[in-house]
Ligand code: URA
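First, one chain by itself in structure tokens, the form predicted alone.
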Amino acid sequence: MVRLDKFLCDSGVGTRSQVKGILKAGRVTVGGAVEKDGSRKFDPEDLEVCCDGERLGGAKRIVVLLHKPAGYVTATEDPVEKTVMEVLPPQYRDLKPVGRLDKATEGLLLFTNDGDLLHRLISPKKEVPKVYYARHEGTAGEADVAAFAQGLTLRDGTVCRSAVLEPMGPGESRVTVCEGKYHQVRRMMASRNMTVTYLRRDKEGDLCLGDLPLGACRELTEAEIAELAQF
């Protein structure tokens, strides 16, 4: 037995909040009858579910972790640049990227067919921590650590939330942020006169890149997906 609202999300109809509106509008039928209660439980093997007359399959929720190489933009398509979709095996190319890594950045990038999970992970309100390894000009000091902790205001006026800067030696640092502004880590480091020369995302939430080779990907286990969904 499965809840109707979860079935609709897993089928790619929309996020949890979007599904509520779709149900309220009477656009969903279960066994041929309009159903507006998302908490209703049913057996998908016994009853046909349709949205706007189109039968839904209740697709298995998939989350894929890619070790993104540099040189690819995070987009499903681009008229000029190579996209991360070209790195994925063909069976995963209908998935959507979760957030972004810029063209020059390597590391952990997630893809999913679960619209609700995608929006939860990229929402600033959820404050999902993301950990980066950076090589950069100069060496981070105590004043830089304090500035990151206080929250930086970038040169263009962008205000960044408190972040963690951990110096790892000359020209190396670990940075943890809980939001995803445009080129955020690079811009934060630049604001402290430390131009980033290499950047890699190693962790998102409790999920680590580990020893996954550059350019390779793997499906997350149900346990790993459940941990991500807690945010």
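Only a predicted model underlies this, so the values are computations on that prediction, with no experimental measurement involved. Counting begins at 1, following the sequence as shown.
This next part talks about the form predicted in complex with the ligand, which is not shown.
Of the candidate stretches 202-210, 44-52, 183-191, 30-38, only 183-191 has residues whose heavy atoms lie within 4.5 Å of the ligand in the model of the complex. When contacts are judged by a 4.5 Å heavy atom cut-off, Asn113 does not count as touching the ligand in the model of the complex.
Taking the partner from the other structure, the ligand in the model of the complex has a heavy atom within 4.5 Å of a heavy atom of Asp102. When contacts are judged by a 4.5 Å heavy atom cut-off, Phe148 does not count as touching the ligand in the model of the complex. Proximity of Tyr72 to the ligand in the model of the complex: non-hydrogen atoms within 4.5 Å are absent; the residue sits far from the partner. The partner is not shown here, but in the model of the complex the stretch 112-151 reaches within 4.5 angstroms of the ligand through a heavy atom at Tyr132 alone.
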